[in-house]
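The form predicted on its own is given below as one chain in structure tokens.
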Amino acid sequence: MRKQLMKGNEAIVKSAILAGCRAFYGYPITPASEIAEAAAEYMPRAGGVFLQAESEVAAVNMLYGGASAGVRCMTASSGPGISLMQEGISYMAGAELPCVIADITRGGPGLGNIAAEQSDYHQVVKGGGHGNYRTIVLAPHSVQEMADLTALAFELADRYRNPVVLLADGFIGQMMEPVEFPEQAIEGQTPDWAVTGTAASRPNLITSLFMDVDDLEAHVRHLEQKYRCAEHLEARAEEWQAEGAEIVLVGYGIVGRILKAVTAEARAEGINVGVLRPITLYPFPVSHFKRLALRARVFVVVEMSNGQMLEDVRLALDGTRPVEFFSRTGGNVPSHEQVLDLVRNLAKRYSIAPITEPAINIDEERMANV
């Protein structure tokens, strides 16, 4: 199949339809608006439903209803809109309803601005609503991954009966790259727990309300078991030139691409550096950090926020290695020159001996990974 040139936001919708999604409920907001626009165009063609809600609060509750009927469904928004959806996301996690939510992150707090940032990490990864729940969170770093991880998101949502969030910064949503989609589409099957208005589904109950304290505790323990299972089976990360690296650069989304450019230049100068890019922000890829820490001297976290993933990196390493941090906020992007200067300084501070291996051609390496 030939590749198609498109924005990351559009790739999400096409991939969702191929993954069996047949309902989109949303409200436009920059830089995620193209998702709603593409859903309005493509979803009816596939025999599905597009509905622009009157608000993000309405959209997430429509999502609750669609998921309750066993339909693969999704929504999309950005910072302030995701904040408004948090109550509904908590309800869906509590009611064990699968859905996919695309969050194309913009600057915050409050209305912030419409520039790309990574400031939604805490409210998405830690669970911004009330109660004892988690959402599975996937972080693409290319338009191809916007498509691939959307398909994975629907699979994981059904597997764990839980909301899954595709967390992408505004750069990945707005940039255009070639994308290849699978040849075969998936036809969604109505699950046996759904409420479909038939006699067979009449005994089914979709709720997150457990008035008895022991019943609620038992339900929370059941949810915890699912999350422990996901932590064991679903953690994903990309390691790029990281095996044996003494300086490990850590970043997700667009930052991961910047760090690859830094690594190519640093290795050309003889600095032993590599990249660890978390793909699942929850479950966090702890085992990757522990393994690389056996050789690494220092980890460097780079974010387009004030250090939200930084906390998870420190927890993963549990004090075994020092963690440095560099960030830009407000929609500013860490330049590879700034990060490269930091790497050079760290190589001197930690007396890291130069390596003599051939320099990396980042373009050749990127094409090899496509």
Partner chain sequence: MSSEQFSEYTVVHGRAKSFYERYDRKPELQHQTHFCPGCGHGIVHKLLARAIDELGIQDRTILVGPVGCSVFTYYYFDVGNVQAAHGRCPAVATAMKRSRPAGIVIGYQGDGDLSAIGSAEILHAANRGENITIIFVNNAIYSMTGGQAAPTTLLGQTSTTTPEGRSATTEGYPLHVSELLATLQGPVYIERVGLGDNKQIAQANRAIHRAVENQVKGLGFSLIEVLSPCPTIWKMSAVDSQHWVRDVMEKTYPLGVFCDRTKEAQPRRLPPEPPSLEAIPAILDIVNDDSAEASSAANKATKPIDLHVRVAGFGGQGVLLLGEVLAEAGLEAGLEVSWLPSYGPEMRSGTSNCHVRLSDETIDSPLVTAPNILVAMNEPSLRKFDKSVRPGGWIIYNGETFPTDCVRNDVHVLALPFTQIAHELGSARAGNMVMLGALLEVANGLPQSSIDAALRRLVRNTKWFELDELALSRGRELFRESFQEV
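Because the structure is predicted, anything quoted here is derived from the model rather than measured. Numbering follows the first chain given and starts at 1.
In what follows, reference is made to the form predicted together with the partner chain, a form of this protein that is not presented.
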| item | value |
| --- | --- |
| Segment assignment from 339-347, 322-330, 309-317, 38-46: heavy atom within 4.5 Å of the partner chain in the model of the complex | 38-46 |
| Complete contact of 186, 209 and 254 with the partner chain in the model of the complex (any heavy atom, 4.5 Å) | yes |
| Contact residue in the model of the complex, from 147, 165, 271, 258 (heavy atom within 4.5 Å of the partner chain) | 258 |
| Contact flag, residue 28 vs the partner chain in the model of the complex, heavy atom cut 4.5 Å | no |
| is_contact(residue 174, the partner chain) in the model of the complex, heavy atom dist at most 4.5 Å | yes |
| In the model of the complex, residue 87 touching the partner chain (heavy atom, 4.5 Å) | yes |
| Contact test in the model of the complex: residue 232 vs the partner chain, heavy atoms, 4.5 Å | no |
